[in-house]
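Presented below, as structure tokens, is a lone chain in the form predicted alone.
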């Protein structure tokens, strides 16, 4: 009789892909089956995030809840970025945890499952050529890690301390992985990395001369692959060749994430981001010129140490000039192993909260205008998920969520959809006949 696996994933798309890798390894090597019932699970894994403080605090409360609810003999494991940076401390604080597996050690999952209080958290471990088993949450699209780790030294970010130095995965292995996914029904791939457009800077076991633009061109040659997305590129590496490939390659979806963090050149310097406000605006202007239909999203931190009213006004100025289609915004959260946590010019919480409220309120107004303008437009939508009430959901080329009436016959298909109703979060449409 197979064993049951319950897994909870916190954080980013890379964590989601790491979860898929763990599921694949446990299914093929340990004969685990997934369950959505915590109470019937033989193995419970929490795949953690440590980018902000809240998910870390949530971890220990989750462990307590899971320990009370789990059946006798069930194991609890903690994986991901918080596992990387806390390591053995997790077991000291929560002895009910059976093993700790860092974000750079996913391939060791079947090794640690059988070892009581095993801790594998080395950030020097190189998994770049490891062949994981096949498992995907959604058969219609594939998430693929193209690199692991991060070479940047952003003063607010814990990721380099939890995922180690950046190593690119050989392009031939990526083509093989994506080709397999396409053969099993996926028409779309999402390329994942901390800085995807820094791809090719360093390889582990294999040396090759290829950059991200070259990788996009190589992947585009895969028969049956119709859509390519990627996250996250870094503004510093958005050279003209990359942006021209983004705009001109018909397989690349016209949706691009350009993480701003702050509109203030002075703060960007303190953050060690490597670019200025002027460079960021220039890159966004280049995107709009080359590809007017592109949707641009961003990340913004408010209340970074030393942020003045003038610095924040610079951020608001970029918001007005670029008019982002999507905004992920947060108050600065001091993280361990980061330089900014030691700065003595922390911004008072009430000031940061007021700035965040103002930023989000203005972006909501911009978003309403963007979405309202979609009424009557026709989008090519790739349908990938059934929803209640005879609805099917998909994404337009520029990443907007679209709902139509329909059945599973639409799944895995790309169709022309006319937008008949708009809201802030999604669009309703009708499939045009003949598409």
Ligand code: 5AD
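Residue numbers count along the first chain shown, from 1. Treat the numbers as computed from the prediction; the structure is a model and nothing was measured.
Although not depicted, the form predicted in complex with ligand 5AD is the subject of the following passage.
When you look in the predicted bound form, the only residue of 75, 141, 335, 229 with a non-hydrogen atom within 4.5 Å of ligand 5AD is 335.
Residue 156 is the only one of 246, 212, 156, 312 with a heavy atom lying within 4.5 Å of ligand 5AD in the predicted bound form. Of the stretches 287-295, 323-331, 132-140, 183-191, only 323-331 has residues with a heavy atom within 4.5 Å of ligand 5AD in the predicted bound form. Ligand 5AD in the predicted bound form comes within 4.5 Å of a heavy atom belonging to residue 301.
Ligand 5AD in the predicted bound form comes within 4.5 Å of a heavy atom belonging to residue 261.
Ligand 5AD in the predicted bound form is approached by residue 52, whose closest heavy atom lies within 4.5 angstroms of it.
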